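Read the single chain below, which is given as structure tokens and is the form predicted on its own.
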Amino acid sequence: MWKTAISTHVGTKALVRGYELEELVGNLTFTEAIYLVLKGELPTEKERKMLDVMFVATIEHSIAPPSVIAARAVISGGNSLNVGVGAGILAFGSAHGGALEDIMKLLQENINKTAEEIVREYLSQGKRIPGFGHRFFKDFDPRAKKILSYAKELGFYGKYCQLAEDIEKEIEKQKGKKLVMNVDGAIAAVASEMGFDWRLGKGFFIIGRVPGLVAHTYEELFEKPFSKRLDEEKDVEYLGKEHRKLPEEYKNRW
């Protein structure tokens, strides 16, 4: 038997977390409705605004990420919008989107440890600390900076945010190299402050990024199909065997 606490039908009424869906329409913003289905209760105005900040920060980050490349490549193969968006979502993994969940787990399971202990433990095991480092941002991730700024303004800066910032400082101290807290790290810290379980980490990234994937997929629908084929002379480095002949004993055997 399937069980759910999220929604049900009573007669002709659709209930979402106990509220009539019809009553929610026109009264809740999309972000407020998302908070309701995820958390089970209506958000305060500050919670709604904080969640808005987090979702907008992840909505788009150029054509280069694996999810966008996957989505557009699949559309280029002659598929429909939903297939392209699905392909983009399936490209989310440990290196793209997954860090948000990983750093949420780290923060929530190690909140009683010091940043020094956490960093030393990870580095001694040769493990990468999720939520820190970015290929473009070396001094600071402007998205993370803005998220934490709003967290302070709205009252969501607490022990998790402080631990995340302490980890950033400790990484530089122990490695001798600065790895900035990225957008994943900032969202993970604030989402933890808001009481969200770490298992929702990838969900936050998916919810925030899907509109961007829809836009990219829609745009690619108007491109010529199969137009993204690689130029093997310019875009591919071949590392295999040189051109060779098939041995005579393998010829004309059928």
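Given the structure is predicted, the values throughout are model-derived calculations rather than measurements. Note that residue numbering follows the sequence shown and begins at 1.
As for the form predicted in complex with a small molecule, it is not shown, yet the points below apply to it.
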Fill in: Options 105-113, 82-90, 152-160, 174-182; stretch whose heavy atom lies within 4.5 Å of the small molecule in the predicted bound form
174-182
Practice prompt. Flag V74 as yes or no: does it have a non-hydrogen atom within 4.5 angstroms of any non-hydrogen atom of the small molecule in the predicted bound form?
Written response: no
Discussion item. My question is simply whether Q125 lines the interface with the small molecule in the predicted bound form - judged by any non-hydrogen atom within 4.5 Å.
Written reply: no
Discussion item. Please determine whether I129 contacts the small molecule in the predicted bound form, using a 4.5 Å cut-off between heavy atoms.
Written reply: yes
Practice prompt. Examine H134 and determine whether its closest non-hydrogen atom to the small molecule in the predicted bound form is within 4.5 angstroms.
Written response: yes
Discussion item. When the small molecule is placed as it is in the predicted bound form, are H9, T12 and I34 each within 4.5 Å of it, taking any non-hydrogen atom of the residue?
Written reply: no
